[in-house]
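Below, in structure tokens: the form predicted alone, a single chain.
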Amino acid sequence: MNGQYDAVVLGAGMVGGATALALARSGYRVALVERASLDDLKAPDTGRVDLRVSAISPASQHLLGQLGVWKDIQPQACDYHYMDVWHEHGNARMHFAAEQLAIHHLGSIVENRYIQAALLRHLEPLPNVSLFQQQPLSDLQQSDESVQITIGDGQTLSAKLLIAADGRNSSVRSRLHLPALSGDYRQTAIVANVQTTEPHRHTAYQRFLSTGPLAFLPLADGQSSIVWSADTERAETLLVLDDDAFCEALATAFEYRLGAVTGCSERAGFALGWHSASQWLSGRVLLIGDAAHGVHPLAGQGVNLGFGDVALLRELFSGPDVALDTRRRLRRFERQRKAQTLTATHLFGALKQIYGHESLALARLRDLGMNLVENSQMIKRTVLQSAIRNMQ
């Protein structure tokens, strides 16, 4: 295949890979360009559990199933059937169950690398897909008829549409000077995999602390993946503790809900913020996924917003008889997804603020609201349906 394509997708992460596969399955000629090496994904190390995991919603699983890849991912996933939520300054708890929505599970926890690897395995044999790895973007030019990019080895790729799925620090967004609203939570997320004396019971747990939320997510090997979002000063203290001291601090913060924390993997921390691009479409360039929006990593759910982008693109561009540069459809995509992702962005931020406040009066209001939800099956179903919708 020469350098002429219907679409060039920049970024071969989960969202970029799913975008390329969705377009290729619809008959478009696609180039997928990634700045990093993808070789390690072709034979993932199954002897360890990676720190980067996501909670994949039923809607995202449906999309991945339509693309033919979920069956390859499912053996490495851990379904969770329940969700428990409580907070530090109060006595109320909320318990959600998949059966309340008459569904099998609320979501599945899976390592990001398995999703990415499955997408690549399905992309590589397709005759209408060209894969370029270890190829950073070096130039981007647009005309009325096409968009051209030059990659690291000097090749020029031309397409009707460039889809930028190159992450929250998107080089495409920077090159085009596309504005973005953003904010700093002044928190650091600590991620690790831990062993506990009690089983996770296929439950996702979320405890809201005054210094930030703490999530325990169930893994297929019986461990739990933790995402501990803490005010930066507190996080820096936790990151330098030895393993025994960290496990004890973690179990205490979690109120020993799964007993003692008996083991911990390596830990990693990353600064937390949010962003939302004010403009997703510029000429023949479209931002999606983290290039367009980023949220607080509450319960590892952010990638579902990116898969929601892919699902709508797939719906709007269902075959090569629909030109990828149809402005009306691209504008519809931008309007619809911008509204949906901005709602989710502010929802996560509001939850962080509401549950992080130590006011006694607010704590009582939180207890009242949580007890109201917990004691009404109708309200609980509505809350759960709304939460699942906001993850699309």
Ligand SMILES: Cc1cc2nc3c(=O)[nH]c(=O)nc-3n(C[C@H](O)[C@H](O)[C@H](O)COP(=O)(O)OP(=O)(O)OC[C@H]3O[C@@H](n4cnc5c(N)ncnc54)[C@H](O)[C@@H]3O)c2cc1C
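All of these numbers come straight from a predicted model, not from anything done at the bench. One-based numbering along the sequence shown.
What follows is about the form predicted together with the ligand, which we do not show.
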{"property": "Single option in Leu281, Val303, Ala117, Leu161 placed near the ligand in the model of the complex, where near means a heavy atom within 4.5 Å", "result": "Val303"}
{"property": "Selected contact from Ser130, Thr211, Thr203, Gln135, since only one has a non-hydrogen atom within 4.5 angstroms of the ligand in the model of the complex", "result": "Gln135"}
{"property": "Contact flag, Leu287 vs the ligand in the model of the complex, heavy atom cut 4.5 Å", "result": "no"}
{"property": "Proximity of Arg52 to the ligand in the model of the complex, heavy atoms at 4.5 Å", "result": "yes"}
{"property": "Non-hydrogen atom contact Ala230 with the ligand in the model of the complex at 4.5 angstroms", "result": "no"}
{"property": "4.5 angstroms heavy atom contact with the ligand in the model of the complex for Val33", "result": "yes"}
{"property": "Among 99-107, 164-172, 315-323, 231-239, the region lying within 4.5 Å of the ligand in the model of the complex by heavy atom distance", "result": "164-172"}
